[in-house]
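As a starting point, one isolated chain is supplied in structure tokens, in the form predicted on its own.
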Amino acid sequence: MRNAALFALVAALYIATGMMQSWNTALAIFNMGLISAVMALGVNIQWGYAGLFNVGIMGFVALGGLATVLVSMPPVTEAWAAGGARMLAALAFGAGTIAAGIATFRRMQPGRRRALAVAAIFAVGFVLYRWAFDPARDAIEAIDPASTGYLGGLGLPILIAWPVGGLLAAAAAWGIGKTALGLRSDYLAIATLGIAEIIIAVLKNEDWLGRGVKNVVGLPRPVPYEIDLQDTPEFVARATELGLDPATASSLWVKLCYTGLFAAVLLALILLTQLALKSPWGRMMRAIRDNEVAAEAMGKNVTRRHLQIFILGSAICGMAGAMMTTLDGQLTPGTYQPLRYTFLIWVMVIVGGSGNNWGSVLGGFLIWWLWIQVEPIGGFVMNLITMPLPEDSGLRLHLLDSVQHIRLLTMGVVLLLVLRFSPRGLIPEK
């Protein structure tokens, strides 16, 4: 009953937003709440199931966003003709160099000869890579840089980008996990944060891949465009029967379509994660989390299981990133900030209840609503408080200008209150 009451309270917040502001606003917040809940589920799998402290969530979300461009945007034929083949050759040189270096390192006996051989392979491979990469990059980025300047994508339906985003994030997580999962938890956090910043730096600077900070706009949509609905006589007639303006009705319908897609993904993930949590595999993961030494003594491969859960959680975050970019309709690498895509997701998991999937979902909806709404609410309250002061009062102007910081204050206060009165979260793990 307590859990149901908490979900009812959060639902009441969204309903009140629709009644007091607008249903368009409420649905917009709710859709991002669905995506935030998916991200929180991914982090909960890593931290709540296995105790992995990953603060590189931002990087995996960004890779999911990149997947929408690589999958859904039409290919730029001029760019492919100018340097596409040479760019593929450069990437093949890079991948081959890494594979050859790893194979040589594993097959040769430790010593000076192995070190020299590996160094020679990487030196030669780097030269070949740059020989092919630099001219291809310059040729691609020179093709109409105002509107393209990149290779484009495959021109496939954008819904395919959601699982592809998960796969892309999973591949990156495999590479990161192979090198970083042997570190202690605090060092793992530093490593994942640094790697996430590297991913963002690549997205910002490699224009041939996703236009960098020039952004990719006009991504295809899996739902109708509002203007197309307004030009449809049947839709306009139906909206008029319901007493709605066609423009408002079209906006509501598009948001409801997104809600259906995002809710289907979230419900499927909850079902799968709940089944996994209650399975022998889930019990094994929690045993490893609680006592690695005892689990290893029972024959469990702790490192391999950590890598497995790290990949799964990162894949879910990557899928959420693809969903978010689909909703925005554009890829903007400059907007990926640790505060929004790492810290805030961790607050959702901690407040909701780490180790409990339903708690993470609750935290996703609650914290996202607070993140969006506390600023206008705080502005309203501050106007009431400062009403007795003169219009030109320095104190009044300072307080009103500081309302934007109430978001951070609210997150800190909520986190402290939950940790003080419910340290295991609003819906704790059983």
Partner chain sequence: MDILNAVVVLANFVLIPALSYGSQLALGALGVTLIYGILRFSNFAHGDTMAFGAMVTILFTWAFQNMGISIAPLPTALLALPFGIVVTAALLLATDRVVYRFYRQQKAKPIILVMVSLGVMFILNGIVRVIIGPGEQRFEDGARFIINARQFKEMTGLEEGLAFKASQGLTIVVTIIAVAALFWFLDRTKMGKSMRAYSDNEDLALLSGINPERVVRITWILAAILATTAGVLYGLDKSFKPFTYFQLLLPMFAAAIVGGLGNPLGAIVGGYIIAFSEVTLTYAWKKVATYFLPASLAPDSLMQLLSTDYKYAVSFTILVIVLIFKPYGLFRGKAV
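Note that the coordinates shown come from a computational prediction; the quantities given were computed from them, not determined experimentally. In this text, the rigid core denotes the largest set of C-alpha atoms whose superposition between the two forms falls within 1.5 Å. Residue numbers count along the first chain shown, from 1.
FYI, the form predicted together with its partner chain isn't displayed, but the following is about it.
- Each of 176, 198 and 350 comes within 4.5 Å of its partner chain in the predicted complex, counting any heavy atom.
- Note that among 401-409, 31-39, 361-369, 63-71, the stretch whose heavy atoms approach its partner chain to within 4.5 Å in the predicted complex is 401-409.
- Exactly one listed residue, out of 105, 131, 281, 235, brings a non-hydrogen atom to within 4.5 Å of its partner chain in the predicted complex: 105.
- Between its partner chain and the residues 254, 191, 266, 121, the one pair within 4.5 Å by heavy atoms in the predicted complex involves 191.
- Within 4.5 Å of any heavy atom of its partner chain in the predicted complex lies no heavy atom of residue 163.
- Interface membership of residue 346, defined by any non-hydrogen atom within 4.5 Å of its partner chain in the predicted complex, is confirmed.
- Its partner chain in the predicted complex is not approached by residue 328, whose heavy atoms all lie more than 4.5 angstroms from it.
- Taking the partner from the other structure, its partner chain in the predicted complex has a heavy atom within 4.5 Å of a heavy atom of residue 339.
- Of all the residues from 37-57, those having a non-hydrogen atom no more than 4.5 Å from its partner chain in the predicted complex are 47, 53, 55.
- With the core held fixed between this form and the one not shown, residue 10 has its Cα displaced by under 2 Å.
- Core-superposed comparison between this form and the one not shown: CA of residue 19 displaced by less than 2 Å.
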